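Have a look below at one chain only, the form predicted on its own, in structure tokens format.
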Amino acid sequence: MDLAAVLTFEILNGVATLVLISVGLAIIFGMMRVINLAHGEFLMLGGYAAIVATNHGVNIWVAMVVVAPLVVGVVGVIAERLIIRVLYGRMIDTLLATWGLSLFFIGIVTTIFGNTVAGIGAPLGSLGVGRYSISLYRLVLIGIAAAILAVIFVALRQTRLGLIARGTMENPNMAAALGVSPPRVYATTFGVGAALTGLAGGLLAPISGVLPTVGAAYVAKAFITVISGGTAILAGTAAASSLFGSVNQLLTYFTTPVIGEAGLLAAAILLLRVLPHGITGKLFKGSL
């Protein structure tokens, strides 16, 4: 019974991690069709923002939940205005530009912080479950991931701003005719996606630590999850995260982390072979 509880926790933790690292990319790629290869570096910047703020006396929760997304959100808006805005509709050019942006961020951060791992201690301690113990902080991350999905769903489905954002992405000319400024919506949407990515980086910093090249460990998983999820932003991200997180954690628990990562990749290849348009291309049609 104790083993089942711990294993369930590990699976939920793997799912929550994939949700956190993927949801910002799901908004930027799913809504805006921008392939952001600097996504991993946005995660890295969020981690460093949280660590620097904590080291300067800011409460760790404020650093992770407020400072990290705010800093990366501002960086995202600046990047959209200076680089991404002139490349909409030119997917290859956007891909190359964001790749260059990722190299720029890695170089700047390496110059400032060096190429060593930085980190902060995870708060809250642990909880005993029979012969096992689980991290209370990881348990909180599961709740935060679920809350993020719920808030995004309500924001996109129930609020005027969400309706404007979805309508602008669908038909910018019609939105402009109705008095909406598409460039402003694009900048806001990109900034929100970047902020969510920065939030993920801040929240994961106590678990994995941060170094300038840490983004490479996240970006592949994020793209695999978003692409495998299909066209629906939230339903696709949640479904793909649930599938891949379960596969990864089960294989990791019973074998090794390397086999767990390989199993995740194999599951994605098999899924896209069976469902080439992703999970929501065949299932959950019409979902957000």
Partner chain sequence: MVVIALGVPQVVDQFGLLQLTIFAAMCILALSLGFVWGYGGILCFGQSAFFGLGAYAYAVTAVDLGESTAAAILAVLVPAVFAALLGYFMFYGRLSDVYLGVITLSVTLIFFNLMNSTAGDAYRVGKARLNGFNGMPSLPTLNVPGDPARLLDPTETFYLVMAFLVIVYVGLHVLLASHFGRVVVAIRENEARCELLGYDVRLHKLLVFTIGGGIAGLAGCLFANWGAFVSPNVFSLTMTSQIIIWVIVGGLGTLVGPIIGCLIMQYLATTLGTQQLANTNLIFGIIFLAFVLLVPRGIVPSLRALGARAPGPSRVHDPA
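Residue numbers count along the first chain shown, from 1. Values in this document were obtained by computation on a predicted structure and should not be read as measured data.
Omitted from view is the form predicted together with the partner chain, to which the following refers.
This chain is drawn without the partner chain; in the predicted bound form, the residue among 111, 116, 159, 171 with a heavy atom within 4.5 Å of it is 111. Exactly one listed residue, out of 83, 149, 122, 180, brings a non-hydrogen atom to within 4.5 Å of the partner chain in the predicted bound form: 83. The chain is drawn here without the partner chain; in the predicted bound form, the stretch among 191 to 199, 89 to 97, 68 to 76, 138 to 146 whose residues come within 4.5 Å of it by any heavy atom is 89 to 97. In the predicted bound form, at least one heavy atom of residue 29 sits within 4.5 Å of a heavy atom of the partner chain. Although the partner is absent here, residue 165 lies well away from the partner chain in the predicted bound form, with no heavy atom inside 4.5 Å. Residue 223 belongs to the set of residues with a heavy atom inside 4.5 Å of the partner chain in the predicted bound form. A residue is said to contact a partner when one of its heavy atoms sits within 4.5 Å of a partner heavy atom; residue 216 meets this definition for the partner chain in the predicted bound form. Proximity of 101, 106 and 261 to the partner chain in the predicted bound form is complete: all three residues have a non-hydrogen atom within 4.5 angstroms. Of the residues in 245 to 270, those that come within 4.5 Å of the partner chain in the predicted bound form through at least one heavy atom are, in sequence order, 256, 258, 261, 262, 265, 269, 270.
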